[in-house]
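This document starts with one chain, in the form predicted on its own, laid out as structure tokens.
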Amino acid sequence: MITIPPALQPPSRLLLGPGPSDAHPRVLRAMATPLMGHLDPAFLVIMAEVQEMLRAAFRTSNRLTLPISATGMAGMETCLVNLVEPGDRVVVCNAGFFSNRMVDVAQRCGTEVTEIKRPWGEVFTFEEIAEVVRRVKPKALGVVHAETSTGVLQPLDGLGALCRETGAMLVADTVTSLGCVPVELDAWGVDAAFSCSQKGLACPPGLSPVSFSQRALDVLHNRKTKVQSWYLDLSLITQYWGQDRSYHHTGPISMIYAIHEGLRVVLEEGLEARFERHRRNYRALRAGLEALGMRYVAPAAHQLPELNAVYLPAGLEDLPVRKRLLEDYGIEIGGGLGELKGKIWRIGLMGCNSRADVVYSLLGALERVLVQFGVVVAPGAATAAAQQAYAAGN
């Protein structure tokens, strides 16, 4: 006979890893709203409002802008399986864990992938990308705008024009950038972009916003073969999210409530104000972490304000410190992935977690834990450095 476990009583956590981040309290309240049918006329209105707010967040007029009913990696797969076919050529800028995953997904689509490689933590120049794209003339160019494994913000300026010159589709991973730093799909000429719900939008994981330009739609509608994934076939999904509102799958009602409220929070704050808030708190956190002797993986001009990837102090082990932070202070930070596993910490200040009190709480707790593990730190140095950064306002 089965023993029924007790009711859920999860411990309280401050989620400062690479994601998920804490959901905004308003989002959690919205998720408690009673369910309705996924084809209910009232729910269809909510869906349309989500699409319009996503366009504002992505800064695009793309008609095909909607949340895929799955997590962020489904967004990556959605973009690729809809745009490329077996035998097509794809170029991917590969300098991290998630750009490497883009290579894998593209190869699974049967494409011929050319990788432009750099060491993890470095940034690609326009010139090196342009040389390869002009030579290979791919169907698609894949770029990670915000590389979650290294904390690198990759500029996309000029790549849209390059892709139009060569006939390629520009595919951008904005999983860790949407809602934290500017994402300008129309201005940059991005043809297909994907993101997630659990980072800058301060919602639980479960949705992956995507947006396709008219160029990308033309490619989709002129395919020679069927999209290899039935569930992620946008020609079918858009019949549910478009004017027809015909059944494709049962939409995740509560998650649509969540992203609806999360986007309302984003747009009420204002995108520019939100970006500046993330930059301000990042500057304070960076000052504190550097006062503790840590250095960033990404170069200074290309550091993500929402995802701080820093090398561990010399001689420390990764997991024991993170475990102590979690057990003693209820604070979660992330470890490294791939070749940076055990070498770095990834500290997220995303969405509603990008706040001064969070910065001070983390720095105070981290300083105390580091001292316990034998790191020599001047008492209060980290919080003092953060305070000075806030006071300087730069």
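Computed from a predicted model, the values in this text were never measured in an experiment. Start at 1 and count along the sequence shown; that's the residue number.
Beyond what is shown, the protein has a form predicted together with a further copy of the same chain; the following relates to that form.
A single residue from the set 249, 295, 221, 134 has any heavy atom within 4.5 angstroms of a further copy of the same chain in the predicted bound form; that residue is 249.
A single residue from the set 157, 165, 128, 268 has any heavy atom within 4.5 angstroms of a further copy of the same chain in the predicted bound form; that residue is 268. Annotation: in the predicted bound form, residues 184, 305 and 352 none come within 4.5 Å of a further copy of the same chain through any heavy atom. Stretch-level contact analysis of 280-288, 312-320, 176-184, 74-82 against a further copy of the same chain in the predicted bound form, using heavy atoms and a 4.5 Å limit, identifies 74-82. Within this chain, residue 361 is remote from the site of a further copy of the same chain in the predicted bound form, having no heavy atom within 4.5 Å. At a distance threshold of 4.5 angstroms between non-hydrogen atoms, residue 342 is out of contact with a further copy of the same chain in the predicted bound form.
The shortest heavy atom separation between residue 238 and a further copy of the same chain in the predicted bound form exceeds 4.5 Å. For residue 52, a non-hydrogen atom is located within 4.5 Å of a further copy of the same chain in the predicted bound form, even though that partner is not displayed. Of all the residues from 23-56, those having a non-hydrogen atom no more than 4.5 Å from a further copy of the same chain in the predicted bound form are 23, 28, 30, 31, 32, 33, 34, 35, 36, 37, 38, 40, 41, 42, 46, 49, 52, 53, 56.
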